[in-house]
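Below you will find one chain, with nothing else, as structure tokens; this is the form predicted on its own, and questions on how it binds or moves follow later.
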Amino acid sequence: MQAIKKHWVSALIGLFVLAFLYLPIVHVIVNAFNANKHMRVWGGFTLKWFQKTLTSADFYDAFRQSLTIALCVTLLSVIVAVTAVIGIRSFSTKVRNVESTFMYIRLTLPEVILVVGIMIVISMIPGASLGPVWVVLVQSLIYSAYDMVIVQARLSTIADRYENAAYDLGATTWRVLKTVIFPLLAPSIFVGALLAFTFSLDAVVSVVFLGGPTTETLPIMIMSMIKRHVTPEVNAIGVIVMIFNMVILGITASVIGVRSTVSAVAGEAE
């Protein structure tokens, strides 16, 4: 309490930032149960917006497409990140620096620039048409960089003695990967996969530019619903997606442990 009184300005700014971030989320959650369609006043508790959403075929189609794309992106991103991080260790420092430079370019360059550039390249390919396949490939290219940062940070904390000891005991390269490297990297792989999954689930730019007319994910569906105003169904969809993401996060934390999850994000050794 004394620390708060001493630094009350910093505490006030922190509370303002937290309120600015979380009050809109609270507003979405509350109005998902508001019977008033216009949401200007509280009209009583209701579940009809959830019922209307969960009985909508359009919602299930959009959610299924979003989930399919996100799962494919997650798998490809993890494969690219893990193989690149493990494989690059045997190269020279100069090559590793070049790889790191391109990795951070993918992180810092605006997604819309990458997507537009790739769309121009696709337009030059004879017979190529936009669709969900290109969305998966481009998102995997972009989001694998986040996985690489986490896996690379984790790998840098793993002592070489474990790997060298396995080789001294006669283990093959594949056995070392299977019994030493992969188990030690498992927390960071899970966290990287979770990041790629959530980023893909919320992606808009890549779907708009590369999805074509046949691709309508959940974010695109929400955008079409709020062209005039925010409807109660949008709030209900927001709550459903939040619950879904929290369940996925809870499953990840239960599989690898909360401490391992935090260590993987920080790139620390347990």
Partner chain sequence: MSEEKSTGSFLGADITLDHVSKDYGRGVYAVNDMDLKIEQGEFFSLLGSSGSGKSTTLKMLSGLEFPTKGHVYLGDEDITQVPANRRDIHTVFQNYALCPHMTVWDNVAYGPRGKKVPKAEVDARVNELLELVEMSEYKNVKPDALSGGQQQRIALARALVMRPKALLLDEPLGALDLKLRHHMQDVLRHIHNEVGITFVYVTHDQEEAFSMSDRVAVMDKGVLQQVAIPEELYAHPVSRFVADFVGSANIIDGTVAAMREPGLYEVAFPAFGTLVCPGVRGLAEGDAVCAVLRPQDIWLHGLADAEDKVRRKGIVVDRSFSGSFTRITFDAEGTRMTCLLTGNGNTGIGLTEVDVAWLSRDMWVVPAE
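Just so you know, these numbers come straight off a predicted model, no measurement behind them. Numbering follows the first chain given and starts at 1.
This protein has a second form, the form predicted in complex with the partner chain, left out of what is shown; the following refers to that one.
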| item | value |
| --- | --- |
| Contact at Ala32, Thr46 and Lys48 by the partner chain in the predicted bound form, all three, heavy atom at most 4.5 Å | no |
| Proximity to the partner chain in the predicted bound form (heavy atom, within 4.5 Å), stretch among 70-78, 125-133, 93-101, 183-191 | 183-191 |
| The partner chain contact in the predicted bound form: Tyr146, any heavy atom under 4.5 Å | no |
| Any non-hydrogen atom of Leu155 within 4.5 angstroms of the partner chain in the predicted bound form | no |
| Contact flag, Ile105 vs the partner chain in the predicted bound form, heavy atom cut 4.5 Å | no |
| Leu195 within 4.5 Å of the partner chain in the predicted bound form, heavy atoms | no |
